[in-house]
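The chain that follows stands alone, in the form predicted on its own, written as structure tokens.
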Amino acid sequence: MNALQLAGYVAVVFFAVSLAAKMIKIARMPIHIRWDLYPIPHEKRKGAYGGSYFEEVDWWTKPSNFSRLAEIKAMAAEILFVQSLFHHNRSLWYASFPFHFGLYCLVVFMALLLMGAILGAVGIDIASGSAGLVGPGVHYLTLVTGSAGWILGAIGAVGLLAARTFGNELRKASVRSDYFNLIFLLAIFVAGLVAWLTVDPGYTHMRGFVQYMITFQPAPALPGSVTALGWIVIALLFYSPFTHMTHMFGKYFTYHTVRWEDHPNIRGSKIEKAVTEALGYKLSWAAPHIKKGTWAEAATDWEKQGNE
């Protein structure tokens, strides 16, 4: 096996383990402070106007009537189309939408490369002229998602770099890693575009490399531009778990345990247990009006001060 293939195995395992550890860490974090930001889409017949089951008389005596389907629809609109940015910051959306949609296209593209590699390993030819519907279907879907991903991603990355560089408010909120991450991703989009346009128009080299990977057979040398793309992607797999670039995987927690969490804190519930545990944590900071101790002591001291 060549160095690229060996590094590919290590990078994939490292990324999967690091990401899993990150998700477990987030899941075990203390309960988040309630936001109660409405509208909450899982409120049946009330989500549309920002209502809540708290409006009902004796709501604590009635069973929950939440809609998971409404949550999924709201999340899909936000994730796929960056809906909030569209409504609240349209000028930035023009760069953010192609950037994110390009990334989603490339996620599907990689899944199709894997599918094509598996089909190739069992003898199904992936090409425009191959027999049946599966081979041509995977070929054309790979072609469309890959090409769209490189182009949209590059346009979006350039647009976001320009917005952070020339936009007064966004520039003040940006740090060096924001620029570095965008340039890193732009390098991948450009490398993929160059490889596609110059030596791999049907993605046969990339699909073939994946097939060698999953069958644990030594891969032959790849064209220079495809090799360069492979090394940049491997570097991203090692780097991204330590950055906010993996925030897409934390969307579930952002929505379900923070933004849309409106379950009541009733006696004997999991929420009551989590709040009690959080009140026992030690404060790691102090201020003139806050003395060191537990969160419970800080809350009661503040209450006493307010009553004086």
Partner chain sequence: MSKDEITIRDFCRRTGQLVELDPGHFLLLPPPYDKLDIQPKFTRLSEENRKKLESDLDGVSALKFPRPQNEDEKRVLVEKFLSGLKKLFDRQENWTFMQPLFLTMEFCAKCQTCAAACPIYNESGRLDIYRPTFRSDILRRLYKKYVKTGGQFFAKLSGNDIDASWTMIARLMELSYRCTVCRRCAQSCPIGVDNGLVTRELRKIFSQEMGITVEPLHAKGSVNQLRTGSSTGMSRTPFLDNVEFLEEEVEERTGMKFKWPMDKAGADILLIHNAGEFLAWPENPEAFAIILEAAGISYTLSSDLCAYDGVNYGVWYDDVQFAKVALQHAEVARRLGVKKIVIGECGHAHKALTVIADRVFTGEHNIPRESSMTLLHEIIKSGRLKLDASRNDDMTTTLHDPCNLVRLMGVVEPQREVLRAVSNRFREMEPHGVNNYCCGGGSGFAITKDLNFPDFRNQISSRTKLRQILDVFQDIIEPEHKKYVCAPCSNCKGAMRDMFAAYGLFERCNILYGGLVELVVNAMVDIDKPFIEWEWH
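Numbering follows the first chain given and starts at 1. Between two forms, the rigid core is defined as the largest C-alpha subset superposing within 1.5 Å. In this text, all values refer to a predicted model and were calculated from it rather than measured experimentally.
What comes next is about the form predicted in complex with its partner chain, which does not appear here.
In the predicted bound form, its partner chain stays beyond 4.5 Å of every heavy atom belonging to A77. Heavy atoms of K270 never reach within 4.5 Å of its partner chain in the predicted bound form, leaving it off the interface.
Residue contact check for A286: one or more of its heavy atoms lie within 4.5 Å of its partner chain in the predicted bound form. R259 belongs to the set of residues with a heavy atom inside 4.5 Å of its partner chain in the predicted bound form. Contact check at 4.5 Å (heavy atoms) against its partner chain in the predicted bound form: none of I126, H205 and T227 pass. Contact annotation: its partner chain lies within 4.5 Å of heavy atoms from the stretch 166 to 174 in the predicted bound form, the single such stretch among 132 to 140, 207 to 215, 166 to 174, 184 to 192. Contacts to its partner chain in the predicted bound form (heavy atom within 4.5 Å) from stretch 38 to 66: Y38, P39, Y49, G50, G51, S52, F54, E55, E56, V57, D58, W59, W60. Once the rigid core is used as the reference frame, the Cα position of H247 differs between the shown form and the other one by less than 2 Å. With the core superposed, V17 shows a C-alpha displacement below 2 Å between the shown form and the other one. Core-aligned CA deviation for Y281 between the shown form and the other one: 2 Å or greater.
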